[in-house]
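Next up is one chain by itself, shown in structure tokens, the form predicted alone.
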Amino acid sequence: MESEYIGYLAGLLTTFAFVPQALRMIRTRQARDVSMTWAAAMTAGVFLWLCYGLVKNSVPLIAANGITLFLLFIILFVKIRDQGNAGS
């Protein structure tokens, strides 16, 4: 049971780490300083962690990675949109 609390705390901290970046990108509508390779790799990795959490039926893994995946989709969306507007 104590390991679940560690999982929740780890998930809370790592998920929260993406909030300021996602909010800044929404506010500024810019993603030029974000690497596309990083954004794509993180999105794929977090998606796989979410899948792993679902297989293991681990609420901390599912919750943290589900929220983080949503934030990464925002980051990835802004990054892709910025690359499309680079020629404008």
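Just so you know, these numbers come straight off a predicted model, no measurement behind them. Sequential numbering from 1, following the sequence displayed.
Just so you know, the form predicted together with a further copy of the same chain exists too; it's not on screen, but the next bit is about it.
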Counting only non-hydrogen atoms and a 4.5 angstroms cut-off, does I80 reach a further copy of the same chain in the predicted bound form? no
Would you please decide whether R27 lies within 4.5 angstroms of a further copy of the same chain in the predicted bound form, comparing each non-hydrogen atom pair? no
Would L9 show up as a contact with a further copy of the same chain in the predicted bound form if we use heavy atoms at 4.5 Å? yes
Taking heavy atoms and a 4.5 Å cut-off, does L23 contact a further copy of the same chain in the predicted bound form? no
Members of 60-83 lying within 4.5 angstroms of a further copy of the same chain, judged by heavy atom, in the predicted bound form: P60, L61, A64
